[in-house]
Structures are given as C-alpha cells and as structure tokens.
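Two forms, one protein chain; structure tokens for each follow separately as structure 1 and structure 2.
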Structure 1
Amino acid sequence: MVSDWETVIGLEVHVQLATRSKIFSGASTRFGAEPNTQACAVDLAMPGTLPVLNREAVHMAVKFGVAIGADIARVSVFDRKNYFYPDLPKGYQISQLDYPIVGRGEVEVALPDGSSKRIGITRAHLEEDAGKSLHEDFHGLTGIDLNRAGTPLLEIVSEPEIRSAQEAVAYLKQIHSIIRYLGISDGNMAEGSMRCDINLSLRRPGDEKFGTRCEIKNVNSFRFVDKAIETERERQADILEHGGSVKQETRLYDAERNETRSMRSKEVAHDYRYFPEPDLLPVHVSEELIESIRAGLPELPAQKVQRFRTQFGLGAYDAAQLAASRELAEYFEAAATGAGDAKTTANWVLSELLARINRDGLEISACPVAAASLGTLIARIQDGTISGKIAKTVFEAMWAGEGEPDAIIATKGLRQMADSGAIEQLVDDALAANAGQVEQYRATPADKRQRMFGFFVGQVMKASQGKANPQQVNDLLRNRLDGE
C-alpha cells in the first residue's frame, strides 16, 4: 500500500529572471516573439563570439539569496555542462556546479491545517536556458525555436525534506511569492517563467537511507505538481510492493493521461563532463553590494504574514493566503483601511472577491472593484446601512460596473430597514399569520427550537424583501416568542 511508504521529495525550481536582455548577450528576453527572431550570434554560438555576463542577473540572484537568509558566495564560478540536444546550439550549457552564487538557506511554508514547516534550500545557481523543441506543427519533424536560448535562469534546489504533494505545492507557492515580491521574475508558469523538476523516491518509515529516485522534468503548474507526485508515488509503491526495484531515470508527466512515463536514464554530474567556463571570469560579490541589496528589500511574504496576524488579528492560514501575492496583500490592506474592520475584509477578499476573480480568469490588478470601493461596501454593513446579504447584491452590481456602493444602494433602494416600529409590525404580522407554528415552537423544548426560530426569521425577512435589520428582527422575535 502507498501508505506503508514515506515519500521523499526534492524540487529543482527554474526561475526565469526578469532582465530585459539575456544572461550572456544583448538579445531581448521578451516573450511571444516570432520563432528565432531573438537569438543573436552569441546565443547561436557563432565562431568568434564570447559571452558577457549580465550584471542585473547577478544582482537578482543575490537578492533572492539575501531574502531567504542564504549564504552568498563572495566568489562564484561558471562551468560548461556538456550535452548534445537540438535546442542547445553550443553543445553545452553555461551553468554553475561546485561554486554557485547562492548557498544554503531556507523558507518557511504555511500548510492548510494551520501548521508550518521549514524547508531547506541547498543552493541557487545561475545558468542559461536552452531553446525549445516544437513538435505540434511539424508532422514527423521537430522545429527548433532559439528565442529562449540564453535566457537567464536561477535554479533553486531544495533539500530532500518535502514529504507530500501538499508540502511540495506549499513550498512552490512560497518560492513563487518570494520571487514576485522581489520583482526578479513574473513567475508566469504558463509562459515557462517558472517550472520545476521533481525528484521523488520512497522508503519505509524510519529508514535513514533514501530509495532510488526518479526525476520528473518540467512540470509547469501547481496542480500538475500535485498530480505528478501522487501518480509517481503510486507507481513506485506498486513496483516495490510487488518485489521489484525502481530504476533511476528521468520521466515526463502526461497531464492528459495522468501518468508519468520514461524519457531517458538519469544522468549524473560526471555524464556532463563539467569543467570551468574558460570565457568567463569568476564572479566577485562585494559586501557593499550585499548590504545595499539587503537595505532595499521589500517586506517579504513571511514578514507580511506575521504583521497581518499581529496587526489585524488574522489566523495563520488566512494571513498566508492574503500575503501570497504582493498585489493581493496591498488590495486587502487598502480595503481594510476603508472598511475599518480587517477580519470582515479578509473574509470578503478571500471568498467573494477571489471567487469572482477566479471565475473570470482575472489578475487582481485587473479587478473591476477598486479596493477603496470594497472597503466602503463593508463599512456600510458595519454601520447598518445594508445587511450582509444585500451587500452581495451590491457587490454583483459593482462587479458589473454599475457604480460605487452608496450610489447603487440609493438607486436600487437597498437601504436596510432600521425603523423599529416598522420591523415590529412585520414581526407581529408574521407571528399572527403563523399562529400554529408559534404554538408548536412554544411547546418544543428550548434546546430544540433553533430550526423553528429560523423559520420565523425567514418569514420576516421575506416580508421586508431582505431589508429589515437582521439583529433587530432576531431580538424582537426572541422577545415575542420566548418572553411570553
């Protein structure tokens, strides 16, 4: 059984850095250009060309390292990783092996059950991306697009400390948040700006030795990471349960079939014949640069989560959800300021707002309801102008572009009925029209009346078209029903 095995996972996350030009040439990194229009002589490895290191890529790598409290190498070295593939024009990739620019660090991830876990990062190194092989439009042939060749990547390698698909996704989301907060990558997984390789093995609980691992290459969504891990662990468990042995290899996740399948036997470092890149000098990072970058760091996700918990009294999971995106966190704070109630605002942002955003496939930056407008809407619930139920009607109108909350409330006549005399009359009418239910209610033991009480509340709210103040309705009904 799968449950009889402990899953051991390490992730290699490839982050495309948000530089305007490539890591060793001046060619553009803009996404979406026509194939092979953004590959210059250096990218194509034309004779006589030499790489020149992009300073900004170095700064971005250091920024990430400082943000996760990692060791920053004062001297790092580039190497040639030799392999032959159609989308690698040089026949080698410039990467870093023994002396990466970022050393050991860690990130803390929040899990859905409210707990958290620290996951170590072994290293993060700079390298160039390869081109892209295209199969779909070429019957029986493969096309090569070299626009991506030479794009700067930061490869972030975790310790094998992840024990489930849930933890893997939480870790990946935390890395995604950090790189976006820092502004070093847009993290767009659909465009390949962030993708990961999953290294997975199984062992018996209590064993110290790891099992034989398989690597699943280039998984490009949180959902597929979850599915790929679950699929692969079931495959390996089935092999081991039947007395077989797992073969070390590189595999591919097929989302349509929800399966992993073999690509090639797994290479190890000596297969690539690494040696120092002769055309690039070692990279020296000064203390002044590190301190300058440290001083310029924004408030990071973990810091923002802690502040949301202490300043606004939010739970750990809600705070983590709101802080996951810098834009969402800023939206929440602006709305909470206008509303004067952070907890209610958090509930609205995480439920109503995100539900609409996800339904319409929008980014928070394209949200049709401004943060200040949502804050005003929530303030109208708090001051009794409208009920929570009516607020949802107003929100729908705001989303449809019908105006600001106060104007919608006035135009549609949605202001909550707060006239105690008018509400008393509605309560009396409802009780008179349902005399039989009143007698039944009073004959029922007090601890079993709640469902029947809800019936009377519903009758009054229906008669008021949802405009009666719910608290006043509840108080008057309690007084009439329980006080006589």
Structure 2
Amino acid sequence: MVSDWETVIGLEVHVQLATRSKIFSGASTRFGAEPNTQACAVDLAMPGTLPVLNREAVHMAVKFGVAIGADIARVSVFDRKNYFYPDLPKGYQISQLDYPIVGRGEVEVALPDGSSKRIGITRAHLEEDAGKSLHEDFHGLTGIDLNRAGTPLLEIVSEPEIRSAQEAVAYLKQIHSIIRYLGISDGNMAEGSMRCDINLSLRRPGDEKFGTRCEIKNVNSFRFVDKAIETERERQADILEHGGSVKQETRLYDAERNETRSMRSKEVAHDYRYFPEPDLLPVHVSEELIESIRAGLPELPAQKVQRFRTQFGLGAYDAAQLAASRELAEYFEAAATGAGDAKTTANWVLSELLARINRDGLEISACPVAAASLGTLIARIQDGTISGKIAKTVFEAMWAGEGEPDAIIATKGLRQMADSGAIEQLVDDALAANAGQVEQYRATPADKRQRMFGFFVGQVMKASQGKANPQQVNDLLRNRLDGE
C-alpha cells in the first residue's frame, strides 16, 4: 500500500534574477533574442576572458535572504563546479559551495485546508545559468545557443521537510510569490525563469533515516511538479513494495507520458571537483547594506495576509489568494478603498475579476477595469443604486470598455427603482395577472411555498427590467401573499 510510506521531499529552486546584464559579463539577459546574439566573449569562455560580478545580482540575493529571515553571509565565496557539457562553455559553472551568500531561513506556506506549515530553507546561493541545446535536427547535430549562459541564478535549497505534492506546490507558490514581491525575478516558469529540481525518497512513518532519493531535474510548472511527485512516489513505492531498492539517480519528468525516467547523459558518475574560483575574490556584504535592503523591503505576502485578515476581516484562504501576487493585492486594496466594503470587494475580485482575467489570459496589470472603477461599482451596490445582479451587467459593460460604472448605469437606465409606489403597482399588476398561481400559493402549506414565492419575485423583477430593489419586492410580496 502506497499510503504506508512517508514521502520526503526537498526542493532546489533555480530562480533567474531580473538583472539587465549577466552575472559575470555585460551582455544582455533579455529573453527571446536571436541565438547567440547575447553571448559575449566572457559568456563564450573565449581565452583570456574573466568574470566580474554584477552588483545587482548580489543585492537581489541579499534581498531574498532578508525576506525569508535568513542569515546573510558577510563573506561568501564562489567556486568552480567542473563538468563537460556543450551548453557550459568554460567546462565549469561558477557557483557557491561551502560559503553561500544566503544561509538558513524559512517560509510559512498556506495549505488549501486553511492550515499552514513552516518549511526550512537550508541555503540560497548565486550561480550562473548554462546555455541551451536545441535538438532540432541539424544533419544529426545539436545546436547550441549561449544567450542564456551567464544569466544570474539564485538556487534556493529547501530542507527535506516537504511531505506531499500539495505541500511542494504550496511551497513553490510561496517562493514564487516572494520573488515577485521583491521584484528580483519575473518568476515566469514557461520561459524558465523559475525551475525546480525535486529530491524525493520514501520511508516508513516513524523512521529516522531517509530512504534512497532520486532527483528529478528541471520541472517547469506547478502542475508538473504536482504530477511528477505523484508519479515518482508511486514508482518508488512500487519498487519498495516488491522488495526492491531504489537506485540513487537523476531522472527526468516526461509530461507527455506522465512518468519519470532515468537520464542517460547523467549515467557517468559525477565528480565536480569544486574548488574556490581564483578569478573572483571573496564577496563581502556589509551590515549597512543588509540594513538598507531590509529598510527598503516591500510588505511581503505573509505580512499582507495577516493584515488583510485583521484589517479587513478576510478568511485565511481568501487573504492568501489575494496576497499571492503583489499586483492582485494592490488592485484589491485600491478597489476596497473605493468600495468601502472589503469583504464584498474580495468576493468580486476573487470571482468576477479573476474569472475574466483567467478567461482572457491577462495579467492583472493589463486588466481593462481599473481598481477605482470596480470600487465605485461596488459602492453603488452598497448605496442601493443598483442590485448585485445589475452590477454584474454593469461590470460586463465595463470590461467591454464602455466606460465608468455611473455613466453605464445612467445611459442604460439601470438605476434601481426607488419609488415604492411604482414598485407596489408592479407587484399588484403581477398578482392580478397571475391570479391562478396566487390561489395555488395560498392553498400550499406555508413550509412548501418558497419555490412559488420565487416565481412571483421573478415576475416582478422581469416587469421592472431588473431595476426594482429585490429586497423591497420581497417585502411587498410577503405582505400581499402571506399577510392576509
């Protein structure tokens, strides 16, 4: 039984830092350029070229460290990690082994059941990205594009404290959210700005010792992380159930087949022969720098969730959803200010707004409805100008670019009927036109009348073209139908 095993997961997340130039050279890091047009002599490992460290990459790493409450190394050291691969021009990757820039920290992740869990971060270190191998056929050869070579990466290593795919995805989303809040990465997984290696092993619950782990390389979406963990967990459980033993190896997740498989290229035992990079000196980070970065930090997701809960009385899950992206959280706050009712605003943002955003595949920054306009719309529900239902019609018009809510309400004549005499007339007309149903209604036992009551409400609302105040209609109908 698969459930007899405890899953132990540690994640290594590679985050591309959003610097303009590369970590050790002045070449551009822009995504999507023509092959090798952004690979300078340093990136190509031309003879005699030397690395010079990008200040912004260091600052971004420190920012991340401060944000997760980690120890920042006052002195960190770059090392050479030696291996041959065509996308690695120098034959070594400049990375950090023994003295990473960011030490031990932790993040708190919100789980869908409303609980939360703290997950330790062992370390985060700076390193350079490799280029790309393009496997389209060039007469049986592989093409190498080195534009990406030298792009700064922050490798964030978690403790093996993750116990399920769900926790892994929640952790990744939290990291994603933090790096986006900090503005140190665009976190775009489709473009490879954030990639994940999964270390997974199984053990019997209660065991102290970890089982033999496999590493699944380069998984590049939340969904694939979820599926890769599930399938790998099943694979290992199956081996162990049949008395076998898991072989420690590097595997690749094949999304099409939803399975992991051994990587042939990694079969040769690695011996990376790390040693201190002699072309770079130890990196010093001063107390003043750390303090100035700390002072400049934005409010982070966890703090925002807390504030949304206390300030606006939102539930934990709603607050976490709104705070997941800095842009969405800012949108929500701006709209809530105009609306004067944060809970209603939260509902609108999480349902109506996000549904359309997702439907149209938009970023929140490209949303056609400004936060202030949504706030006004919600305010109009609150002050009784329109009903919640009419508001959806207005919102649709706003989305279509037809203007501000007040203008739309005015031009389309959507203002709620305030004249109670006119509503009374509509109610009386409806009852008169449906005398048979009235009789039937009165013959029905009180506890079974609800559905029929809805029929009369519908008739009146229809006659008012939706502009009657539903509450008023309800009250009048109750009075007329049940009051005698």
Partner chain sequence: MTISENDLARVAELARIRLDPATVTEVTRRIGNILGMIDRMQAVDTSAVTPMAHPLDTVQRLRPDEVTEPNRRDDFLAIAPVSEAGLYLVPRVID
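Along the sequence of structure 1, residues get numbers from 1 upward. Model, not experiment: these values are computed from the prediction. Just so we're on the same page, rigid core means the largest C-alpha set that superposes within 1.5 Å between forms.
S.K.: So which is it, 1 or 2, that shows the form predicted on its own?
M.R.: The chain shown first - structure 1 - is the form that fits the description.
S.K.: Which of these, Ala433, Arg118, Glu333, Gln440, is at the hinge when you compare the rigid parts of the chain between structures 1 and 2?
M.R.: For the motion described, the hinge option is Glu333.
S.K.: Considering the two rigid parts of the chain, by what angle in degrees does the smaller one turn between structures 1 and 2?
M.R.: That works out to a rotation of 10 degrees.
S.K.: Taking the rigid core as the frame, how far in Å does the Cα of Asn474 move between structures 1 and 2?
M.R.: Asn474 C-alpha displacement between structures 1 and 2, core-aligned: 3.6 Å.
S.K.: Taking the rigid core as fixed, quantify in angstrom how much the C-alpha of Thr444 shifts between structures 1 and 2.
M.R.: Here Thr444 registers a C-alpha shift of 6.9 Å.
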